[in-house]
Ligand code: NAP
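This document starts with one chain, in the form predicted alone, laid out as structure tokens.
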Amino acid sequence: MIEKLALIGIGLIGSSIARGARQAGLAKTIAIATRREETLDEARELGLGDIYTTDAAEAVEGADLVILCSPVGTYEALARRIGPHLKPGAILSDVGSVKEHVVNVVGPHVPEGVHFVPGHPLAGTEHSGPAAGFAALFKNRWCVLTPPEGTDPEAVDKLAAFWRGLGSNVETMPAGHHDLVLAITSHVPHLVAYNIVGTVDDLEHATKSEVIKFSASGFRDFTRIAASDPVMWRDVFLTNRDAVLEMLGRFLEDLSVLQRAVRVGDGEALEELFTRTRAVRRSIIEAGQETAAPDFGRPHENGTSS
């Protein structure tokens, strides 16, 4: 058990950590800090913590584990603010979707004797805010840790044990490699979703109304992704631009090939691609990262839709 856990930010991820840690008995005391009083009041009403404050420095006093759960664009200022108040031996981590940027802007403000272990739980929904969290969010999902070279292995093990306690599978890798992998598995798909839904929003009113009315599962799923937190994703693309641009370039090259196949009526090329992509979907299901249940907006047996 962690004596004191401090969560800086209490949206979907922060509140899910708080709920999961409480449920699994991972922390004796949970301190919550967020800059907006109304958000703090909501967290208090939900009973997510034991200590509530709008001062991040106050929240981290005496904490054994501090996790930054706010948008990555806030990290540098937060690190500068809380750095002098972190106790020796404490572990400082985060939940940001990019990692090299986090290492670069947070690392310089971490005091000697504090263990800095960036992290990224690969879990989420399109909802945000303290009420959106739930304890099972991380169950059977991956959490990637990207400790800088020279980080105390014991601190990494402790943080890994914490995430496993929340139900996560844990992997470690270099920050740069993480950013490249996530650029294609998460960041570019979000960019594509935002673009497609934005295209519909730009259509003439009559056509747009019909698209909304007759949304099939493909477009509907794009809208789910495109409903994600705008501030969080703005910061993701601004702080992981190199990896995103590299993967976006590859995507556009492949899209050009696909465009040509459609133009010239190359059915063989289309079927070959669709066969390969179908196999990827099946491998994700086999890996336990998705359900094979059919989903057309209807609830599954567990009461949720995929």
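Numbers follow the displayed sequence, beginning with 1. Computed from a predicted model, the values in this text were never measured in an experiment.
Not on display, but discussed next: the form predicted in complex with this ligand.
Figure note: of the listed segments 64-72, 44-52, 243-251, 273-281, the one touching this ligand in the predicted complex, with heavy atoms no more than 4.5 Å away, is 64-72.
Although the partner is absent here, residue 165 sits far enough away that none of its heavy atoms falls within 4.5 Å of this ligand in the predicted complex. Shown alone here, residue 83 lies farther than 4.5 Å from this ligand in the predicted complex, counting heavy atoms only. Using a 4.5 angstroms threshold between heavy atoms, residue 6 stays clear of this ligand in the predicted complex. Among residues of the shown chain, residue 169 is not one whose heavy atoms approach this ligand to within 4.5 Å in the predicted complex. 232 is the sole member of 232, 103, 184, 192 with a non-hydrogen atom within 4.5 Å of this ligand in the predicted complex. A single residue from the set 159, 79, 95, 144 has any heavy atom within 4.5 angstroms of this ligand in the predicted complex; that residue is 95. Shown here without this ligand, the chain has 120, 121, 123, 124 in 106-124 lying with a heavy atom within 4.5 Å of that partner in the predicted complex.
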